[in-house]
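Listed next as structure tokens is one chain, alone, in the form predicted alone.
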């Protein structure tokens, strides 16, 4: 049985990776890359609720399940969320080294030097705990607009820490007309460039016990780059998130794509329609120069990102439509009800809770019976506001993969 996954964000890649692990046949079609390229590279399971910052995701999810019956976590349960986290920790152990527990959030240093709660964090970030008052050197890069060492250090000091900022230049990198986080990360994969950074930072070290860098410490050689910096500087080293594209997120993305197989993950393939018969989808159609390409399958997984990812679009009349199979979307009935009057309304905006309603097998009740919906195409929550984007994507993809493996008669 062949499964076609539409979307290459965390939910789609989770489905694809778990099916591949079990030996099932799978292909992933993607118009572009998903949330891993745009978020911090951590896994936010539940960071905020109506009462403020969440410190125990497991306890908060229990409450959420009891009070919000349409929330995606209801489909998975606390144990299911925990199992998905354990799987991702094991899957990325050799590349990223994610760590953490559903019982408590880690509060790390944000891109501006403030506190940022998250559940799983890569090995390269766990040294950047916000409540650690140890003397800290924050290293920035000349002419790099996506990270301000001075801003981070200033905010750490304002919250009771002891931090100092310095900017360095990397010859051949920071002098370019254009460079971003990916450019720098690729450059640091060169051992000679890493050695240059060590040579330039070392004279600035004083009593500092830890050194924070923007999250660009290598891509394909990340673990080696990180270890070399810690060993040579003789200090705890940690990364701080920067503006997208997210290098730490790309490391997770690459790990999952390699597990699926690069030849099974197809970028630049926008699904524009389906073929169906007898209540089942038989193939999907993707945009091509002369005529649409046809990709047949037995099961189809929609992981297109919902209203913020382009998986749900709005018509001029305010109607909402799921773009792949035309599934029914629950949401505000008209444009006048999409948003509240105040932009920063504490209740959030109704339109962001829009999505496809599904049953316990992630199937839309009125949709084709071989279509599964995961991730943020599901409705029932404002995931950005509650800081659960990554957790919902991971947990629903993980649970749906379990069900699909059962249908295919394979096991992880």
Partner chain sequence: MTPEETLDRCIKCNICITECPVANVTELFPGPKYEGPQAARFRGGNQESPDHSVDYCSGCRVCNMVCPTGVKIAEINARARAVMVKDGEMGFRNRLRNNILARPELLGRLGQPVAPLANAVLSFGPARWVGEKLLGVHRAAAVPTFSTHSFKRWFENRPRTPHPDRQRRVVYFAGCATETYEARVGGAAVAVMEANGFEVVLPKQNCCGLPLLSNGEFKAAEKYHRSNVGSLVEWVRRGFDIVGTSTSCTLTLKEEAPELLGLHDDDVQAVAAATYDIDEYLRILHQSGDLTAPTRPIPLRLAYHPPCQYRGHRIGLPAAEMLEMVPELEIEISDLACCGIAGTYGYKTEKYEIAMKVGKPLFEFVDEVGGPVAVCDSETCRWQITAGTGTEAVHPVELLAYSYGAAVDEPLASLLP
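Positions refer to the first chain, counted from 1. As the structure is a prediction and not an experimental result, all values here were calculated from the model.
Separately, the form predicted together with its partner chain exists; it is not shown, and the next lines address it.
Looking at 375 to 383, 54 to 62, 341 to 349, 36 to 44, the stretch with residues near its partner chain in the model of the complex, meaning non-hydrogen atoms within 4.5 angstroms, turns out to be 36 to 44. At least one heavy atom of residue 180 is located within 4.5 Å of its partner chain in the model of the complex. By the criterion of a heavy atom within 4.5 Å, residue 230 is excluded from the residues contacting its partner chain in the model of the complex. In the model of the complex, residue 337 stays away from its partner chain, with no heavy atom inside 4.5 Å. Residue contact check for residue 267: one or more of its heavy atoms lie within 4.5 Å of its partner chain in the model of the complex. In terms of contact with its partner chain in the model of the complex, the residue from 115, 97, 318, 244 that brings a heavy atom within 4.5 Å is 244. For the options 101, 150, 162, 293, the one in contact with its partner chain in the model of the complex, meaning a heavy atom within 4.5 Å, is 293.
Although its partner chain is not shown here, in the model of the complex the stretch 56 to 92 places no heavy atom of any residue within 4.5 Å of it.
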